[in-house]
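A single chain comes next, written as structure tokens; it is the form predicted alone.
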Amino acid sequence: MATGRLVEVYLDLLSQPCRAVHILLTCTKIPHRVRTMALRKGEHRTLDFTKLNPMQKVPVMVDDGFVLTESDAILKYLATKYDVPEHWYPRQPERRARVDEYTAWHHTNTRPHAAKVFILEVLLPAQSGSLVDEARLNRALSDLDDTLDKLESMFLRRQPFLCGDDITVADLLAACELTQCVSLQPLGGGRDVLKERPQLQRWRSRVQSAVGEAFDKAHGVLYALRDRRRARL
């Protein structure tokens, strides 16, 4: 394993990509320090953080003075630089290309489509007290449904994980997105977007089993928010 100072990561664990980075660091035991950020308090807009990342977004990684943004880049950098199990980001070109294929697709499909349903059905009504815009929500659900179809037919097919027989960083990114949608959905309309999708349910269970306690540790803040809001209903 590469040596040196601790890897520092700036994370808000209410962010799906931040949770993916947190899970990888925990599972691989890469020495690291988490700098907790609260986006809801505007901590990403401070002068010091803006100097670190002018885009004012998390996650951000600092490794011995090397600053890197974007979860996809951070996950792959960590899996490449540090001596972690190869399955996270395989060295074999074809297997690595499958991971790159999914992560490229993820950022214009799974991520925006799952996030939009969550925003329209849970976040905006909670923040503004307004009613759900049913027309916009139905369009968002249609987009998400198409994405879930492709996850099953193109990526999972007859294999246990998105890119083959072993878990990779691609599974972390996808599982964190869909867990956000499923875990907090009871605060909205009570919809479970995976309810009629046993193949995706089994895949998500395999991901959680593969990473063990790291999954619940990364999602603890999300679960606590869900439980507090449920108590108020």
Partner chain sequence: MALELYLDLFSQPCRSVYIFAKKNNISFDFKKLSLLDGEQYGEDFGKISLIRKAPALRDGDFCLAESIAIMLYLAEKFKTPDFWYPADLQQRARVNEYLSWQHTAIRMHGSKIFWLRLMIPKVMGVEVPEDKMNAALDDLNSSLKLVEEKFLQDRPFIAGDQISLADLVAIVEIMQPVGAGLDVFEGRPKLSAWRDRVQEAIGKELFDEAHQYILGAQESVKTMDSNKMQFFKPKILRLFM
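As the structure is a prediction and not an experimental result, all values here were calculated from the model. Residue numbers count along the first chain shown, from 1.
Unshown form predicted together with the partner chain; subsequent notes refer to it.
- Residue contact with the partner chain in the predicted bound form: M55 places a heavy atom within 4.5 Å of it.
- The shortest heavy atom separation between E70 and the partner chain in the predicted bound form is within 4.5 Å.
- Within this chain, R157 lines the site of the partner chain in the predicted bound form, having a heavy atom no more than 4.5 Å away.
- For R136, no non-hydrogen atom is located within 4.5 Å of the partner chain in the predicted bound form, even though that partner is not displayed.
- Remark: of stretches 33-41, 164-172, 47-55, 193-201, the one touching the partner chain in the predicted bound form is 47-55 (heavy atom within 4.5 Å).
- For the stretch 135-154, the set of residues having any non-hydrogen atom within 4.5 angstroms of the partner chain in the predicted bound form comprises D143, S153, M154, in sequence order.
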